[in-house]
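First comes one chain, alone, set out as structure tokens in the form predicted alone.
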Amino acid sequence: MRLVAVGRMKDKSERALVERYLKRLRPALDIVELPDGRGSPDEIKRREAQAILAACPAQSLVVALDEGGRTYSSVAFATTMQTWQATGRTPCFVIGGAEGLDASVLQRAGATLSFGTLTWPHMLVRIMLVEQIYRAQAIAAGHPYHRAGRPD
């Protein structure tokens, strides 16, 4: 699996949270960090889109994190992850920069994902995504990390 994200994770505590889950993931999640774009908002989105699309493997299933994307319960996300992986296409999650994702990235995406209608800091979204991927794997494996009695 791959995560393509605009922006560099500089804060040590944020990086530690991501690493906490990364080391547990099987298959592993490769993170590709791209530099923030420069210029006008439209130019930033266009340049970031070019870099994002270039970083996504050709046959991958691009999953765009977008406020207008699909919301899942943790159990539904676990089932969806299993479905994606069964297709043989590697999931490639995409987190855009401050200006959001260009239409070209959303057009390339085979799926979208939203953590709700609130606006989240991009680095926090990265942490939340990695944790949810780990949770999905734990659910699929029947691991007690996700308590069955807890609501999603």
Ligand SMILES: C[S@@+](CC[C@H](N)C(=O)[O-])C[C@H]1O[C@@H](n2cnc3c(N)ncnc32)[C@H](O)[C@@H]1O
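These figures come from a predicted structure and were not determined experimentally. All residue numbers refer to positions in the sequence shown, first residue = 1.
One more form of this protein, predicted in complex with this ligand, exists but is not displayed; see below.
- The shortest heavy atom separation between residue 100 and this ligand in the model of the complex is within 4.5 Å.
- Remark: residue 62 does not count among the residues lining this ligand in the model of the complex, judged by a heavy atom distance of 4.5 Å or less.
- Within 4.5 Å of some heavy atom of this ligand in the model of the complex lies at least one heavy atom of residue 125.
- Contact check for residue 40: no non-hydrogen atom falls within 4.5 Å of this ligand in the model of the complex.
- Only one segment in the set 54-62, 83-91, 26-34, 117-125 has any non-hydrogen atom within 4.5 angstroms of this ligand in the model of the complex, and it is 117-125.
- Along 66-81, a non-hydrogen atom within 4.5 Å of this ligand in the model of the complex is carried by 66, 67, in order along the sequence.
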